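Only one chain is given next, in structure tokens, and it is the form predicted alone.
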């Protein structure tokens, strides 16, 4: 953890929650990172009671897990969990994008265009974490346009879980492949084309899921498993 933050007043539980949540979205906190209460207390200058409340909220969002003898860690979704996350997003965002297409104003389209433009710029610059954050912002902005706060909150949680999946299953330095799906979505939504908007969104999320290396076995952390064949061959 970093040194204690400089501030003029003690931060609130909600503010600390937002900082940790945003760090997960931006991949500054990666899967399996340990979140010790003591370090978080030192960083934010608050009591363990407040930190425990923050960690509880994050665990309800499925981005933090409490593990026996390890305490709280950033969630590291398994392949089957990632598939369920994307299936949930397809179901949820089908309704969101349809409603956004019905309600989108020229001003809304301008905001979406600005987000997509900055996302492309970060991709070209190789700033993958910033590009992923803006991609999440794009989808959340669609939920804002749709105007349903409970759906937006559900999507916010799923976007954070998606960021963890990307951090775990996309090779370091490669990022997510660039495409023009967001630009095509803006065009369809701006025209009020509900059917086309839904079709683009479904194919977009499916393509994102397929870029993840979910079927590639991870290296074992068990020394006996790593060296089993070598020892047996002696």
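Owing to the predicted nature of the structure, the values given are computational and were not obtained by experimental measurement. Positions refer to the first chain, counted from 1.
Beyond the structure shown, there is the form predicted together with the DNA, which is absent from this document and is the topic of what follows.
I need to confirm a contact call. Of 35, 205, 186, 58, which residue comes within 4.5 Å of the DNA in the predicted bound form, counting heavy atoms only? Looking at 35, 205, 186, 58 one by one, just 35 meets the 4.5 Å heavy-atom criterion.
Which is the contacting stretch out of 48-56, 195-203, 22-30, 161-169, given heavy atoms within 4.5 Å of the DNA in the predicted bound form? So the stretch in question is 48-56.
Answer for residue 210 alone: is it within 4.5 Å of the DNA in the predicted bound form, judged on heavy atom distances? It does not: once the DNA is placed as it appears in the predicted bound form, residue 210 has no heavy atom within 4.5 Å of it.
Check whether residue 71 has any heavy atom within 4.5 Å of a heavy atom of the DNA in the predicted bound form, and answer yes or no. Answer yes; at least one heavy atom of residue 71 falls within 4.5 Å of the DNA in the predicted bound form.
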